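One chain is shown next in structure tokens, namely the form predicted alone.
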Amino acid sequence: MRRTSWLWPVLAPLRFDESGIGPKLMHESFINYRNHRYGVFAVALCLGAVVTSLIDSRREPQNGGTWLGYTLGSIAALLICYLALYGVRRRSFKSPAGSAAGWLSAHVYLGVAVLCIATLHCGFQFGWNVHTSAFVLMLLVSISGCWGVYVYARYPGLMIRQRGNSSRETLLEQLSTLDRRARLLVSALDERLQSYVEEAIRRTHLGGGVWAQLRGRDRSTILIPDALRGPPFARIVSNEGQHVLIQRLAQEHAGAHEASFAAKLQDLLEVASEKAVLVGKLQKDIQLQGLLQFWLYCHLPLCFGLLAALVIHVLAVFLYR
């Protein structure tokens, strides 16, 4: 079996808190962490900003240059810096600065609240400038963060269910066991069938690059004789779902005359069918793992871009006002 290395790095399974609770259980607790403490705080912060903006707008049109604009902008900037610290906290498993669950809850709720505050800060005034670019980056970061919440709420459970409560390592061991059984069964048959089985094993393809992982398609192949040109010419064809191997074995089984030969072919068919199911599970597991991490490869660069744009925005305001 051909096991290609994961060309796109797959991060280690995340541990969201010190007790080792995985992402599925974590999702069940961070939303209502401490009776929605950070959710209530975020709502109160947004309502306070909205009410204050409505009252102040009667005196002068709201924009980033008013006292309220500077105040809301400062709050938004501080929130962005605080939210960026979550990445540091996630990697500090024994940090005294609060639990990871609390940080995640604050990260989610305050990440949504900063959108409201930043919008009120600028007074809905947008243009083709560095200030709007910072706002757009902040919007993209928030959207990608919301997508991350959905991904970690849904995909870990799907991964566990489709694996059948087994680890990926266990599935790979089962796959190796099936390959050994297939080699043992076909060793008593003719060289042509041995070649089919060996080629199917050797060209079983798992993983691959970024696009291959996200697609989750079985790219297994098999080398078969060229029907048009005949031996010794051969061609490589897709063996997705082990369908070519199963088809060849089924044809041989249908034409078998000896009972012992037919029995071995039947056993081979069962092994090939089990392998097809197992390869499908592994490909789906790799795809879900890839989708689980894909948002992070978008979210992190956007976060760094937002921090850079925020610095430029602040400098531009105070240097060129």
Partner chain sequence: MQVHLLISRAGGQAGNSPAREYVLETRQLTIGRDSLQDLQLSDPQVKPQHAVIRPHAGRLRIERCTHGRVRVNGVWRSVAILVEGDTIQIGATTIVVRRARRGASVQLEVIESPAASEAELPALYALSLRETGISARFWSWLLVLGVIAVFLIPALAASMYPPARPVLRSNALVPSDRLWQSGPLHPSHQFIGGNCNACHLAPFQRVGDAQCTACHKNVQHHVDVHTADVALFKQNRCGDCHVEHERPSVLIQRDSRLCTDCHGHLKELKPNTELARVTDFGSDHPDFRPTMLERAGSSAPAQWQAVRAPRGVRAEEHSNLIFSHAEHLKPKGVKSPNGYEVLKCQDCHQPNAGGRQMQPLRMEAHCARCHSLLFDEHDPSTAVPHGDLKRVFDTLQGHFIRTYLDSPSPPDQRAASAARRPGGEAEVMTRDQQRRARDWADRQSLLIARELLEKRVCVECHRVTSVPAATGFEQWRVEPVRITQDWMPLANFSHASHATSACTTCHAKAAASKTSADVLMPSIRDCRECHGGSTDTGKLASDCGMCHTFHLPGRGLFETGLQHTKQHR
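In this text the structure is predicted, and so the values were computed from the model without any measurement. Numbering follows the first chain given and starts at 1.
Another form, the form predicted together with its partner chain, is not on view; read the next lines as being about it.
Contact check for 172, 304 and 312: all three have a heavy atom within 4.5 Å of its partner chain in the predicted complex. Distance criterion of 4.5 Å from any heavy atom to its partner chain in the predicted complex singles out 223 from the list 136, 193, 84, 223. Its partner chain is not shown here, and in the predicted complex it never comes within 4.5 Å of any heavy atom of residue 41. Although the partner is absent from this view, residue 58 contacts its partner chain in the predicted complex, with a non-hydrogen atom inside 4.5 angstroms. Put simply, residue 251 is far from its partner chain in the predicted complex: not one heavy atom of it is within 4.5 Å. Contact annotation: residue 199 falls within 4.5 Å of its partner chain in the predicted complex, judged by heavy atom distances.
Considering its partner chain in the predicted complex, the lone stretch of 288-296, 251-259, 264-272, 41-49 in range is 288-296 [heavy atom distance within 4.5 Å]. Along 127-155, residues 127, 128, 129, 130, 131, 133, 137 each place a heavy atom within 4.5 Å of its partner chain in the predicted complex.
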